[in-house]
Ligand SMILES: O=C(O)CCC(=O)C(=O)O
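Encoded as structure tokens, the following chain is the form predicted on its own, with no partner shown.
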């Protein structure tokens, strides 16, 4: 248990995850509390809060204490609160996040973090898993670390939002605008933060290829790294309840939304907090 001045964080696994007690996120939080939460989420990668009552405006206001918020180019958003994205799954609207992904890495300055809370849950299932890419990087053998340290990778909006799913029907116009506004970008395969921490920065959702490698080499190495990141010892699994909130550091973590509840549905509300250019 890590005790801060006005809240405590109980680790959930050795590598990742912390359960926070002592805070009501709907109430104004001091600058000291925000600074301590920033430190705690950097250490534990993802923080969980229970029994919170956050409407979309309150969720936006909490997330915005950590930076400017991203407005997603194709996901629907809450009317009047465009910074809050609806992520809705139904039998006739399947998700694209049931893979290991890091949010919005297809832009030059991917999100520092995100705040997620459920609005509708199935009777069971629909858990989300997070993985520490710091722990995953640290567990690589020294020769593999030397290899990936010098590589860069392309992150592509169209890799995650495929034309045949998003570029058709009533979605087509928004998808085409998003493609035009978001050409592929290049990020390091290993990201280094100002505090010196290093972690893998590739994900199944948006990483399309490793620049310096031939096509087959790129496919093989990406497949290995994504499978490695998903090893259970680097992960935490959260079983959602109404009133839960997750706040995660998007820079050195990745997450997976399980799809095990159809034909039931699930609706989540997310705010993404813009960050800096990976290096």
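As the structure is a prediction and not an experimental result, all values here were calculated from the model. Positions refer to the first chain, counted from 1.
The following text describes the form predicted in complex with the named molecule, which does not appear among the structures shown.
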*asked:* Using a 4.5 Å heavy atom cut-off, which residue among 116, 84, 136, 189 comes into contact with the named molecule in the model of the complex?
replied: 116
*Could you tell me which one of 23, 257, 12, 262 places a heavy atom within 4.5 Å of the named molecule in the model of the complex?*
257
*Using a 4.5 Å heavy atom cut-off, state whether residue 234 contacts the named molecule in the model of the complex.*
no
*Examine residue 207 and determine whether its closest non-hydrogen atom to the named molecule in the model of the complex is within 4.5 angstroms.*
no
*Just one of 207-215, 248-256, 56-64, 28-36 has heavy atoms within 4.5 Å of the named molecule in the model of the complex; which?*
248-256
*All three of 132, 148 and 198 touching the named molecule in the model of the complex at 4.5 Å, heavy atom to heavy atom?*
no
*asked:* Just to make sure I understand: among 240-279, which residues lie within 4.5 Å of the named molecule in the model of the complex, judging by heavy atoms?
replied: 240, 248, 255, 257, 266, 268, 270
